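Only one chain comes next, encoded as structure tokens, the form predicted on its own.
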Amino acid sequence: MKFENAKWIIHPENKLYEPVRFSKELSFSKPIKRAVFNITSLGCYYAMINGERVGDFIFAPGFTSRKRVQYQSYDVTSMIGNNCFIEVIISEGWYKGKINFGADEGGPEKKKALIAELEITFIDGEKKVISTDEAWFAQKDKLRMAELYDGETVDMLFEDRRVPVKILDHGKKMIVKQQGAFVKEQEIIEPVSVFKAPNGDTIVDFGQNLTGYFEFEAMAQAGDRVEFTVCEELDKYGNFYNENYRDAKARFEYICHEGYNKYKPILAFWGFRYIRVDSFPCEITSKNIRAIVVHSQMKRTGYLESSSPLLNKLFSNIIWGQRGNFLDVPTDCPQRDERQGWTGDATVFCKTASYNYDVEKFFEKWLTDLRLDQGEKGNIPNIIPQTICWDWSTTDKTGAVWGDSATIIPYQMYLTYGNRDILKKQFSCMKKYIGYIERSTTAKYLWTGCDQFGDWLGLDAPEGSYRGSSNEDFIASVFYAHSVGIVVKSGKILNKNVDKYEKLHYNINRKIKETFKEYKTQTECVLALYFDVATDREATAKSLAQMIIDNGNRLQTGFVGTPFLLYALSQNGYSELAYDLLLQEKFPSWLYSVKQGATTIWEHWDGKNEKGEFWSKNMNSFNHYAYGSVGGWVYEEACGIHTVEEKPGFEEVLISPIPTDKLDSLSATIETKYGKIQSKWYHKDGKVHYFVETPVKSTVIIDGKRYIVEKGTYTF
């Protein structure tokens, strides 16, 4: 049993936001065959043995439901000698502090703490376990402050004496083995420029909005200061701007020791493109500072490429948006005082995410937290993991789409990876969620009378509202039907009796068609078409097309309508209009932000207008991946790579591309467990040419003609 004799240890003072360094000195009189270090913490830890970092998991032990904490096991055999000095620095991390404000209130169980054990196997076969206990020491660290929203403060001149630790009376039942993907350093980005802003500030530009931190080098005198503040965008004059970070200070402060200083933060991260150099002991250049990109370990599996440079930049922005927000949990944004696992964002993006990267392990862990944090009534908190500062676990504050993460995401993981086990683990959660809707609605067979997010950030929102003008009861009822349909499909896959849900699904669809016969917004038309509840598909598609044309071939949809907008068009005879929207360069559009210099996906279509003015100080992220869900349409419709429900995980594939004269070429590639799937079309000599590569049996549809092909490459 792991940690059987280990105890939770804390610093006697344990001040909020003040990191603590725990330590233990060991010596061994005989040679060691193997050494394994098991460790976890309440808070984030940074562990060292003999001054060398243990492992490469950044921000361990990860962000989980407060009902569990993961532990990690590291093989440290090569790090252990006759003398061994273990050190572990701990900060509040996700466990406490501003990202979980309120967590610092209450009893002793809320203190940041360490539990660890070193398992030693000697050459002669003897085994020994050294555990955290009263014999360990604690001290305040040179890392004087570490807070996820505010940053780090380091004083290399600070010294503190070691004192005996205190024991924290805290249970161990919540300690579980590491489930999620490790968060790791991924790449280094050099500055593209260091310049003086019009107001005189020195600014470092990395050319890419990213999530991570930086590393600097400097010769200095003792007491010299390094001070940085970060931002995503410059204002219309070219000056530093980060009011959109709200209360997150996004600062880094460092007091130098004499001589050569080299440092990178260890327990803080930022979302940023620019650094304002508030203080530096020498000239700062592209040679003495670099950015380090950090995100969960994920294998890149999807690639999109076209003949349009602007469209290719959009594809790049979608990838960077995912990289910036898949940091242990699918966050809404990485920069401001939020960085939470908003379920709605993850729901609409999960398909595109699963094509871009292998996110199976990433979502398995997050869905486990979703199950654990599901409310007693069956409601799904709007953020996962559930935090104290955003507590919906005991309320009825579950919104459609946000709550439907309980069904949509596990089923998408099944489709993309063929992972039946995810459905098995989530099935009870799915049913409880449906039960919650049944009990909370005010109209049988619809979802009405509940507080909803609606078509969040829809451009047709009334003045002063973030919610689009689409009927919220209609949106909720459509997703109610969709989730029940997923329960039916999942139950059949798992050989469960789902007669009850089949009847419910039929009745919900019938009731929707009886109740909602007119669609007054783009989003209402989109949902009616995509989820097949339109009373007259042809008329609804025509109405949607006319709304778009009347708006200058531009969309008005928000978080709910946008992911399905192009599907609703291309699947109902309006593929050319779908391409018009994809390639639209005027506001509002995907390429508008690209032309404005975006390097990630924006939260708002008009996060920054053509005059360089910002939409809002309050809620204006420039790294918010939800609208990047358009990538799913490019993979599936434009290039035509579809999963087959009866043969999930790309065991079989349907390939049915939709070309256009508006592009010279378009290509999509997805690496699956069976091999590479590629679908490409291009114009040459007045004809459209198609290239298909498939590792499995596939159905290929070209210009309405159906071909059944085996593994291989084909041209049409």
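We number the residues from 1 along the sequence you see. Nothing here was measured: the structure is a model prediction, and the numbers come from that model.
Beyond what is shown, the protein has a form predicted together with a small molecule; the following relates to that form.
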Every residue in 336, 342 and 624 with a non-hydrogen atom within 4.5 Å of the small molecule in the predicted bound form? yes
Of these, 199-207, 221-229, 450-458, 530-538, which stretch puts a heavy atom within 4.5 angstroms of the small molecule in the predicted bound form? 450-458
Interface membership of residue 332, the small molecule in the predicted bound form, 4.5 Å heavy atom rule: yes
Is it the case that residue 272, even though its partner is missing from this view, gets within 4.5 Å of the small molecule in the predicted bound form, heavy atoms only? no
Residue 504: touches the small molecule in the predicted bound form, heavy atom cutoff 4.5 angstroms: no
With the partner left out here, check for me: in the predicted bound form, does some heavy atom of residue 79 sit within 4.5 Å of the small molecule? no
Which one of 524, 369, 147, 603 is close to the small molecule in the predicted bound form, taking close to mean a heavy atom within 4.5 Å? 603
Considering 402, 479, 355, 519, which brings a non-hydrogen atom within 4.5 Å of the small molecule in the predicted bound form? 402
